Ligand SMILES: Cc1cc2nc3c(=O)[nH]c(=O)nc-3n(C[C@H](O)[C@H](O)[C@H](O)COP(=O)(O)OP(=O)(O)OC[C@H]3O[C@@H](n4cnc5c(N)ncnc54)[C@H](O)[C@@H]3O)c2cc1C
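Take a look at this one chain, the form predicted on its own, written out in structure tokens.
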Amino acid sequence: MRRTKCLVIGAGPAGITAGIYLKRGGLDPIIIDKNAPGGQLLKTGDIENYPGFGVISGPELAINMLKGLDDLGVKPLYDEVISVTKNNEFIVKTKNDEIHAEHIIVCTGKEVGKLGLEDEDKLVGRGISYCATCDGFFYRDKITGVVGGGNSAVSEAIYLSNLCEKVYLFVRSDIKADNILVSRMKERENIIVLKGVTIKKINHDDTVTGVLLNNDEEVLLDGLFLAIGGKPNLSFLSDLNLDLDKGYIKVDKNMESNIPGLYAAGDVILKDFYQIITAANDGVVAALDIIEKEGD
């Protein structure tokens, strides 16, 4: 059993930043993540809007952020939180341990969005992917498709256009990506944008062979990349009477939930903008509020 003033669940941009501020504020946080530290940064290609770096890849930015923790002697734990209960303090059960904490900051991000189609799950790794920078290499000189219309989807399509013979972008309504990304995409002659379409069936044998659209058009593909957002998986908090809105944690200006001592930051909270820099900001605000309360 471990004990800490503050447990940070999730080691993406929000969790890493919260950990840095907590440690510098005189607390000794425990940071835990069921995956490799870095969160969605590890699956992100070039980032061009994070101050101070110009153009930097997601994994590189993750390494830079983690260095801030490492320099302070904080090393994230690799473990998965199973449940959280609260008496006078939070009791957090993980796969390998039990942690008692006075404060918690939840920074677990979103799970990938799915189409909800037949055979979708069994085709992951056999033609369906959620990360172009991870799996794009396997589709060199082949035909791929990307589902989505936001920054992530357009960025995935641009990345794949450097590798693939042809890339389809399937957009349900309008493209909502930043203008600079849309302009860059339009320069790629091998990106074909299909707007106002949804996928109603994934064609396959052992691997993906194509998709059938809602207009009954069939598109032949070797691979399909999904970039359609998603929602937080907060099942480990089901024992708490947490106030949610559309599946996201509702927080106040200090990132504190309706449960005193339980904070949330980044993609798990209900807010208008989901960006790396806003996730980091959320982590700072939560950490500083905890530090202030501990100092009272």
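The structure displayed is predicted, hence computed values, not measured ones. Position 1 is the first residue in the sequence shown; the rest follow in order. The term rigid core refers to the maximal set of C-alpha atoms that superpose within 1.5 Å between the two forms.
Unshown form predicted together with the named molecule; subsequent notes refer to it.
For the options 254, 258, 35, 57, the residue carrying a heavy atom within 4.5 angstroms of the named molecule in the predicted complex is 35. Here is the short version: of 145, 109, 148, 127, the single residue with a heavy atom within 4.5 Å of the named molecule in the predicted complex is 109. Contact with the named molecule in the predicted complex holds for all three of 12, 80 and 233, each having a heavy atom within 4.5 Å. The closest non-hydrogen atom of residue 281 lies beyond 4.5 Å of the named molecule in the predicted complex.
In the predicted complex, residue 64 stays away from the named molecule, with no heavy atom inside 4.5 Å.
By the criterion of a heavy atom within 4.5 Å, residue 134 is counted among the residues contacting the named molecule in the predicted complex. Shown alone here, residue 27 lies farther than 4.5 Å from the named molecule in the predicted complex, counting heavy atoms only.
Figure note: of the listed segments 244 to 252, 223 to 231, 264 to 272, 66 to 74, the one touching the named molecule in the predicted complex, with heavy atoms no more than 4.5 Å away, is 264 to 272. Comparing the forms between the shown form and the other one, the C-alpha position of residue 81 differs by less than 2 angstroms, with the core used for superposition.
Fitting the two forms on the rigid core leaves the C-alpha of residue 108 displaced by under 2 angstroms between the shown form and the other one. With a change of no less than 3 Å, the CA-CA distance between residue 125 and residue 47 is smaller in the predicted complex than in the form shown. Between the C-alpha atoms of residue 124 and residue 43, a gap narrowed by no less than 3 Å is obtained in the predicted complex, as opposed to the form on display.
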